[in-house]
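Okay, so we've got the same protein chain twice, two forms, each given alone as structure tokens, structure 1 and structure 2.
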Structure 1
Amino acid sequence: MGAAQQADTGTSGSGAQVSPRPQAGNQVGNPQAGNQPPIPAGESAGVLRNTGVGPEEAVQLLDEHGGTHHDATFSPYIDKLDPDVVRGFYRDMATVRRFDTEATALQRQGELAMWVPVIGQEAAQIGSGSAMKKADYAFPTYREHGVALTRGLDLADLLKLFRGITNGGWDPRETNFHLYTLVLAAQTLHAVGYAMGISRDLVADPTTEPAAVVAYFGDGASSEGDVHESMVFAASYDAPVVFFCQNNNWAISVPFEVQSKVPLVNRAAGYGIPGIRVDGNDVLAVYAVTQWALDHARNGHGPVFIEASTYRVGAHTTADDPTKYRMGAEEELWKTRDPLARLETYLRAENLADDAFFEQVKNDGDELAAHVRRVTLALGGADIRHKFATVYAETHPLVAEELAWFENYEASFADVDTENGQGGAA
């Protein structure tokens, strides 16, 4: 018996009922005839109760040592997962981490204007994204690279925005994965509006496939008014939307304890909607609670708020330096809760994966990284003057002044090169 089995109180990895990717069809319920009961109060750790949830409480099915735990409400969502699905979770998390490393390197080499790292949050994104069905729709912020992978995007497309080639990079209608939103929390309003559209479509045509929306945002965005307005509206009209907050503990340089005196999940009570706090580094738990929440929304019971407790290991973006505002000991503590390491421990202990599997995952990741680099370099450079020309419909004196400053700045590099005998512009 492996270590995971010794710690197991009910979860196992056998059977074949759930796909690693969202599937069309086989939807549950009808928004006008809900059939899923609410979560029984007090039966699951991390589920909002009348007294609220404490800072250490969270739904956890796989701990940092690779041991499994049973939860009466959420374990059934993973009890019969096919081992291929669980291996797929690991493969996807490792893939997006390798992609993230390559994108960071491209930015440091001057090929991207900026990059938004995701290392540490892979479980929150792969778990929630994998719980969605094809008809569901995701509204990301600017960091949901793992969710993009689960929705079938070519990850190289994500870099077009950060290279300045385009304001988008993909057609959201092809994957039901919306464009990145750089304005903090604005996408939560868009998500609720889209969810209301889903409800209206079902009223107009009851044969329409039921679907739900996932609105992603971070703990920093939770302090924005847009999030509050979104939740009020969604609760008032039972919009089929799941608010998925990745609480990575830092809003750039502001720690979470400054942003909120209580776990964010406790705010759900104020809106009258279910709230679930989940270990965001536990891909199995995230997958289970998101499936529950999506079923709840599709069945016509209205919105759900999920707080995924995780940690941003790296910088907020490549434009900041986290060593200036947080302690190294904190980073080292969270590294012991690494989402990939705990799942690898579980897979090895249960004899669900061997060295050959992990070596293949690594090789596939390197191949993807080479693809991303090749595609990005082939994009060419951004035409910055086109950006200045399209800020306003007509010529604006301030924009013209800023363009003149930029051109002088560019020309200064040419002067330096000439003095050095190199010639040409930088």
Structure 2
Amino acid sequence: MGAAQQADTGTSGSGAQVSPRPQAGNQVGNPQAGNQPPIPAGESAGVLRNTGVGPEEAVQLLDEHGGTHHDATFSPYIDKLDPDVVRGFYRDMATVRRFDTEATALQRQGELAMWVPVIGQEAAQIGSGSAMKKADYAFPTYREHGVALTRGLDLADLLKLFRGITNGGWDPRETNFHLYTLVLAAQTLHAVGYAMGISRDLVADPTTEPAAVVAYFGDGASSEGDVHESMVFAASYDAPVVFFCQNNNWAISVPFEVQSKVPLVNRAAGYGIPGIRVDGNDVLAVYAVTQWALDHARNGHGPVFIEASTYRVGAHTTADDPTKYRMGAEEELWKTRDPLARLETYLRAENLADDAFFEQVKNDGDELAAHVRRVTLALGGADIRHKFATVYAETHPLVAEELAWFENYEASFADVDTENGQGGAA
């Protein structure tokens, strides 16, 4: 079985063919270790137990040692990249990692109710996010801080949700980055609907700017029925949507093997949509395959499913203790596949960046962290009146009645305060 598959949708006018990464490579060590053993040759993936998918079987353009590999379909997407863009990838990955450290610290200091770390998944997020055009629309889960950065959000806005002052925190229409979603997989259907809406707009007005949608979800979420229904709808209506699954191997404490006996990418064929596995820790490969997929979708050829093989290095959230359910050795192994380290090696080897650049990135990161901290600590409280005001678009008598009661009730305390103030001793 090839690592990448493409179903013939019958509509494709694109010359792109998704093909397996050439096996030749300069890999050192034992890339097959870890909890994602490669698929043994000669066996059918459909009947395998505990298969899985190491990065070595996925599209990989930059390996963990900073070595590059050629892929006929995907390399062209990065061959012509301006070095500035590649440096930008590094900068963004380092920025979101620094941001994450600061948010975790804020949580530890009691300033956030919870935090959802992203360390380890920076390449999957910066790579895919950077591949989107402005008119494209992203539907995240709750961990897509890197994607948020690529969509131009002020990262401080992400913390409002976790500080408990709003369920949102940014304007999705300004950034085309939807709100975070806590009900797993629910947003994959919204993404497909939004994509179907784009198709409708194009029918009604052919001058509409073509756009595609990216639906993010995790390996755990892939077991939810909504993901299945979203793929059925997307395939049935050729919706311009890219399903981007970050398979970080863990759904809180449950390993990937409990969600699926076969690589998730195998499922794509069942829906009749192209599926691509990519080394999710290789920002260049993620960028390339996502670009390919978005082009495919934008050009009217329908949905694409991408499985990015990656790893959540830290805890699921700040409320989680990963030592209870997984081995330190596994974590150590994945640290050797760190997305930042390999890009740094590459940038230095190719003389695309020097000490001064990395120093600058670090300083800028510290500055951003300070900004995020300043903004978060200065965030005001929230007013429940705003919640009364946003239940319905049109007046609702029950809400109006309860708000009036609330105002009266609040006012009664003001009276008591005044009486006390007037009558009592200081």
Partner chain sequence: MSTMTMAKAINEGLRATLSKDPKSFLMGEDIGALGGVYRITEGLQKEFGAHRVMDTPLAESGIIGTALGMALRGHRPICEIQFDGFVFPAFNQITTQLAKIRTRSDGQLSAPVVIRIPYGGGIGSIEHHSESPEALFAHTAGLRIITPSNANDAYWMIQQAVECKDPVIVFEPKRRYWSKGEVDTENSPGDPFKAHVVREGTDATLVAYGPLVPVALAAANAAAEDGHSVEVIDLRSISPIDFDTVEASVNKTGRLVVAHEAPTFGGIGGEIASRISERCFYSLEAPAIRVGGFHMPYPIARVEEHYLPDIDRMLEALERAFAY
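Because the structure is a prediction, the values reported are computed rather than measured. All residue numbers here refer to structure 1's sequence, counted from 1. What we label the rigid core is the largest C-alpha set whose atoms superpose within 1.5 Å from one form to the other.
Of the two forms shown, the one predicted together with the partner chain is structure 2, not structure 1. Rigid-body analysis on C-alpha atoms gives a rotation of 60° for the smaller part relative to the larger between structure 1 and structure 2.
When the core is overlaid, the C-alpha of A404 ends up 21.7 Å from its other position between structure 1 and structure 2. Structural comparison between structure 1 and structure 2 after rigid-core fitting shows the C-alpha of G380 displaced 3.8 Å.
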